[in-house]
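Subsequent text provides structure tokens for two forms of one protein chain, presented individually as structure 1 and structure 2.
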Structure 1
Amino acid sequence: MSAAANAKTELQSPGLPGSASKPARKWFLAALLIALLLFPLTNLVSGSMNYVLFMMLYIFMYIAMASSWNIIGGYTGYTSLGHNVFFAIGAYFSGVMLVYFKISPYLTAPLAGLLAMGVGLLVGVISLRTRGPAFIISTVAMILLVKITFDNWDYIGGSNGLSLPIPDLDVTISKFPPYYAMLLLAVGAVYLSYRIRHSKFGLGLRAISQDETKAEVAGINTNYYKILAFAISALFVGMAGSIWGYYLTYLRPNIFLTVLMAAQLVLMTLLGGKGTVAGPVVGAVVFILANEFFVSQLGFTELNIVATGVLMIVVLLFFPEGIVGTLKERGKLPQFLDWE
């Protein structure tokens, strides 16, 4: 049976595990969303939740980006190490619109996402002619080329960076706008990932991931599917960059354009379970909280990096398909995380 047929059988099977608990799962997720929407209000009472709000908006940002990366890296099986280019494009686009035209990044974020998607389309046309290691190398080269361009582009500040106006908000509510913006992006990215996972388009992407040659024989326009997946995966990454750049109030190429940042998206998705809807969410939460714990205990040293790396190795030894993927295979995945 072909890869496309296998995926189609999986998609159409009426006996999917956990199907009877879908209403309960929806109620749980709805309750969680309401709790997240109301949580910032606690800072109005205590005034001591700024750090927690920062950590949560930071997690939301990486959930949005990892879920987006999963479309090309998980569903399609093409590992990209250049997605932070779209992050930088979103940040700089909205930063320039704010500095030169006084338009808030909260208004230009959707345009930043569309711009990142357009760039992703062009890059995909070129780079997705290659496969395997050649594709990975091409995405790393994209980071280097964009960084050189940004470093020497005086209009956007060059290597010295671009300073943005600081929002004039009371410290108690200063994190509310980026918190809600990142939450919206996280929900939107996960929902988009879910819709793609359960669509004919997603069926084709998974067939490509399993065996691209067989997918072509089955009649799937693999080149079109890959390019579109790559472009879509840039959408929410660009919007996240727009909001994050405004939150930092300072843009500099070496903040956004490092291979390490791109690798984190890959690691988060692998940790949670690539090719699953919930995997990037779980991976982002676990990775960021673990890293924050090690930083608090070991400081910003090499030991922190080593400890995070050891944790990744240990987790992947026991969960070779990621936390969500492995638990799903073993029939032990909690129903509230079974979004497949």
Structure 2
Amino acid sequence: MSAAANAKTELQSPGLPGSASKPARKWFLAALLIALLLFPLTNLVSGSMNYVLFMMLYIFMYIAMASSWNIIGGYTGYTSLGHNVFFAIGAYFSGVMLVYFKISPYLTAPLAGLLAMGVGLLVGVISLRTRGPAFIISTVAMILLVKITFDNWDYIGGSNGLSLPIPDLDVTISKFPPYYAMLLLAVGAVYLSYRIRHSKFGLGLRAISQDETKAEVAGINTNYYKILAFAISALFVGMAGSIWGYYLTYLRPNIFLTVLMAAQLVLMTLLGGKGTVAGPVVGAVVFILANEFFVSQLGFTELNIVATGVLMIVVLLFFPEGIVGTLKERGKLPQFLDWE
């Protein structure tokens, strides 16, 4: 009974007044976007911003992916621990197109996204027959299945991987294309996440996460909703993969298909607050900066893995609602972060 009551109030919130006009938020976002668009130009002046640009495009990438993961993992409540499969598919598709057909990944990225989405649809049809722990396990199995396939697939380089031609650009502007591409993906993914949050579709997804049986009784085609959500959540991850692969210039299964990477996606969304629009963004920024801090302070990567694990445990045990969720619960969420 209480769950139903919760679901009711929860489901009503998007329509309530207050979400319509938030001038502070609007101005903040507009200013932020303009600043981000202009920022790379500083490198033309000083030429020493490459590291900062790299960090930023890396953060954009994870914002795009965490926001996408949030659609299935947050809104719908199906924790996927295998989303980097779509990342790898995007990367390899564009990589193959570049190596064998000489087409730039910037052109094939949208196709890579669609391909990831198609694969998501197929996988979703099968693996969304399960739920709870079984679903999570099936997504882990998906990573390992794809990894072992890629490892043994000679056309795409097998376990040795695929080397891509290095883009021929002056070093001051070499980070511009991936920077703008990732920024575009981040903005697109967040916008998509926002639109879904406020749509009838998003309402259905959240009904599923509250109580799937009741959602079904209420007339929601839960199967269709879930599968669609899973496929959509693969779209931007696939595109991010194709850009990132080109940026790295080499593709190897044991870089793209690690369980650690899947875990990081989940962790940053939980850290920020799953099921909220701003959560994955905040989570990605905080997580990657913290990670960078750990690496620079602790040095080698083993302790970095330990820190990731400990952080994840602390968040799960003590802040299951994440940064945005916890602040919101206490009524302390600053207006510029309230993107609901």
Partner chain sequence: MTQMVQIFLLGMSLGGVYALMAAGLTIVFGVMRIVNIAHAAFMFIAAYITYFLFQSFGVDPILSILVTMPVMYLLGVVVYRLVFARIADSSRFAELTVLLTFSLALVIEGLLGAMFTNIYRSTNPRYATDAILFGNFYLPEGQFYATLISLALLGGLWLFLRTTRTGYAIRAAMQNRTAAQVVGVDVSRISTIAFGLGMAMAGASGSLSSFLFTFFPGKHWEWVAILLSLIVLGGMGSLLGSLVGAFALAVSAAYVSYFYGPTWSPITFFLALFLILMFRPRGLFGKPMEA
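Rigid core here is just the name for the largest C-alpha set that superposes within 1.5 Å across the two forms. For numbering, take structure 1's sequence and count from 1. For clarity, every value in this text was computed on a predicted model and none was experimentally measured.
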Seminar exercise, completed: Students should recognise the form predicted together with the partner chain as structure 2
For this session: Enter the rigid core superposed C-alpha shift of Leu316 between structure 1 and structure 2, rounded to one decimal in Å.
Result: 5.7
